[in-house]
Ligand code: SAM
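Take a look at this one chain, the form predicted alone, written out in structure tokens.
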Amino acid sequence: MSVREEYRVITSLTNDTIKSVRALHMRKERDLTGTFLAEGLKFIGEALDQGRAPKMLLVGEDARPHPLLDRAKTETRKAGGDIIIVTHAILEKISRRDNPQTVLGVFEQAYAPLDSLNPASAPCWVALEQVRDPGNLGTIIRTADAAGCGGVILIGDCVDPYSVEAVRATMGSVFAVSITKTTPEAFVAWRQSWPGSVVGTRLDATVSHRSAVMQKPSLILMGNEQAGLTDQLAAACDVNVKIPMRGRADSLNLAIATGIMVYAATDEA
């Protein structure tokens, strides 16, 4: 079978398919299609390892041969996806970078319903209230993956975990970590049956994160970057803690603070 029979070849920047992929930079389009964009062969490999084949695989005409690329093509075909050979100019346009990755994938979004989560399946979970920064969210998802957390729960009006910026920051962990969206009211009701400790973080807390008792499975609840945890969700916690500031800075970046909390909750020492 020839290359042209196996794949589509697109060279025009104004092609409708290319326009639709470029539009995935906008949340409206991601919400409408239920898809998102992932860039790079490493990301594609992470997805394949989790049983997630792309709906569309875009391969640069100058992409070098690689066993993982061959696997990606095979898995995409098996899943009924579309394989498209594109020019370097198209890759630049889609990624909005001068030095783009040579392989891009369009994937279906995946959200786990709140009532489907099994708290006992992991020693620690993360819940985020109204997180706004995509880089923070992506880094937290990556950290949750590294620490063996069960998943990340997004409460209220949070940034889209499937934005291009957030996905980039996950370094592929977006495919490995369970992601859930819920409202504050639904979360508070669901949290009542949590079998371990629910631990919030507040600047006005009096308990150090190191001295707090965290019974596993721990549910770490982090607030918005500027306003912190709301009173409603702080009241739903078993304990609220703070990470001591020993220098002139009065707070930590949300992703860093979440990492400290997650590893404190999972520390076996």
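Values in this document were obtained by computation on a predicted structure and should not be read as measured data. Start at 1 and count along the sequence shown; that's the residue number.
Separately, the form predicted in complex with S-adenosylmethionine exists; it is not shown, and the next lines address it.
- prompt: Pick from 202-210, 63-71, 32-40, 45-53: which stretch has a heavy atom within 4.5 Å of S-adenosylmethionine in the predicted complex?
  reply: Among the listed stretches, the partner-contacting one is 202-210.
- request: Classify P217 as contacting or not contacting S-adenosylmethionine in the predicted complex by the rule of any non-hydrogen atom within 4.5 angstroms, answering yes or no.
  value: The answer is no: P217 has no heavy atom within 4.5 Å of S-adenosylmethionine.
query: Should L233 be counted as a contact of S-adenosylmethionine in the predicted complex, where contact means heavy atoms within 4.5 Å?
result: No, L233 stays farther than 4.5 Å from S-adenosylmethionine in the predicted complex.
message: Test of understanding: in the predicted complex, would E225 fall inside 4.5 Å of S-adenosylmethionine by heavy atoms?
response: Close contact exists here: in the predicted complex, E225 approaches S-adenosylmethionine to within 4.5 Å, heavy atoms only.
query: Closest heavy atom of L252 to S-adenosylmethionine in the predicted complex, within 4.5 Å or not?
result: Yes - in the predicted complex, heavy atoms of L252 and S-adenosylmethionine come within 4.5 Å of each other.
- prompt: Three residues, A144, A169 and I179; all within 4.5 Å of S-adenosylmethionine in the predicted complex via heavy atoms?
  reply: The answer is no; none of A144, A169 and I179 reaches S-adenosylmethionine.
- request: Output the sequence-ordered list of residues from 238-253 with at least one heavy atom within 4.5 Å of S-adenosylmethionine in the predicted complex.
  value: Counting only heavy atoms within 4.5 Å of S-adenosylmethionine in the predicted complex, the contacting residues of 238-253 are V241, K242, I243, M245, S251, L252.
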